[in-house]
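Let's start with one chain on its own, the form predicted alone, as structure tokens.
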Amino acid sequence: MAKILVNSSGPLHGEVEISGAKNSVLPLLAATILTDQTCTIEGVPDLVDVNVMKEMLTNYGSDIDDREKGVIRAAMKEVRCCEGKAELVQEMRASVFTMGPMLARHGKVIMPMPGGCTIGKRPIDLHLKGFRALGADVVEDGENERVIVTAPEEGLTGDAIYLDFPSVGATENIMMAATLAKGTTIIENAAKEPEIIDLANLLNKMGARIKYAGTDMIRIEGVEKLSGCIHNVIPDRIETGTFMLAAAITRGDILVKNALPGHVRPIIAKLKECNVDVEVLPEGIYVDARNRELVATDIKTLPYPGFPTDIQSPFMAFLTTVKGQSIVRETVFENRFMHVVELNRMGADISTENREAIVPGGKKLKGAKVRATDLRAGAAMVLAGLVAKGTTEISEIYHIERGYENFVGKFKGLGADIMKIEQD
């Protein structure tokens, strides 16, 4: 089983190029189901989750051409299967993104219950609510742990859909299903994440009629058919934040290239509150924490444009090293403090109650054997290991490889003492 070893590395310095966004490329690939023509997605990161999605598409009937690095060409001339492979769905929750496109294109989809990171309950009830509103029949087959969704013979019909929570996945799935529905669909209390806008841009290039993506009310005028297109994935804002924090926690300086500052405003603001110098330059975001007395701040995770839950655990690792006490409030997922146990193994002394963590700063972390309890927690362990005395050994790193491209290599390029090892 592979592990990552990290030693105290001193201040990191240099430049790092941000890859395409994991949370964007997966629904983009799912959207290629909606047409029988070829879609070309550029800027695709080399991730385990991307490979799973390619397998999902191939299972449904897509022909995938990924011979060119960073480019995937997908063409589903005809749908050969409407049931998601259980082993793939259990491996990656984002498999559910194929439900909306399959329902719209084929009229039926069978989806086993999804897996993914164990960061709390993430039911697909809002996805199903949207499909029902569009006229689909939804059968929840508890005995076989799957959902069967079938469109009426005349196809889906647009409707007004109010989401009880601005779910990113539900917004994207409903938006994709509605592109081929008759009439107008309005998604109220829609998620506003940049990944929503990226998906809408792709769909509009394919011939969809989507307006106001990025606001809380998205309008979709259904069309009869979609075509192929060429689209480039937006940069990964969570990877951007992770490397910004790498500069901060090691008291180094890093130029984060191919980053969109508008997507990481809350992270920039919170780092500045901690007295980290952050500059937006034409070539990227420059983070400088050298020779500065860094101080505590409080963070509260919220749906976009609030502070992202995906950066909460890496930011908490950083907060253990600054002067003063911080409070971290998690409002998005109810089980996203599993990394606290691992940080405490390293001497962090964090206490939690319900969805609030109290983080004493100024701790001298020490190397330990820890786990990547989920994708972003794995990144937090690496950040902590960069400043811990001795060696930090991180297991279960398959979580990290689900969402970060060339993670170890990028850190090495900044001067980190880090390596990946294979063990039986």
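Source: prediction; values computed, not measured. One-based numbering along the sequence shown.
A second form of this protein, the form predicted together with a small molecule, is not displayed here; the remarks below concern that form.
Contact with the small molecule in the predicted bound form, defined as a heavy atom within 4.5 Å, holds for exactly one of Asp198, Glu342, Glu239, Glu193, namely Glu193. Think of it this way: in the predicted bound form, the small molecule has a heavy atom of just one of Ala357, Val387, Leu26, Ile394 within 4.5 Å, and the residue is Leu26.
Contact annotation: the small molecule lies within 4.5 Å of heavy atoms from the stretch 124 to 132 in the predicted bound form, the single such stretch among 246 to 254, 124 to 132, 220 to 228, 71 to 79. Heavy atoms of Gly169 reach within 4.5 Å of the small molecule in the predicted bound form, making it an interface residue.
Contact annotation: Ala94 falls within 4.5 Å of the small molecule in the predicted bound form, judged by heavy atom distances. The small molecule is not shown here, but in the predicted bound form it comes within 4.5 Å of a heavy atom of Phe333. In the predicted bound form, the small molecule lies within 4.5 Å of some heavy atom of Thr309.
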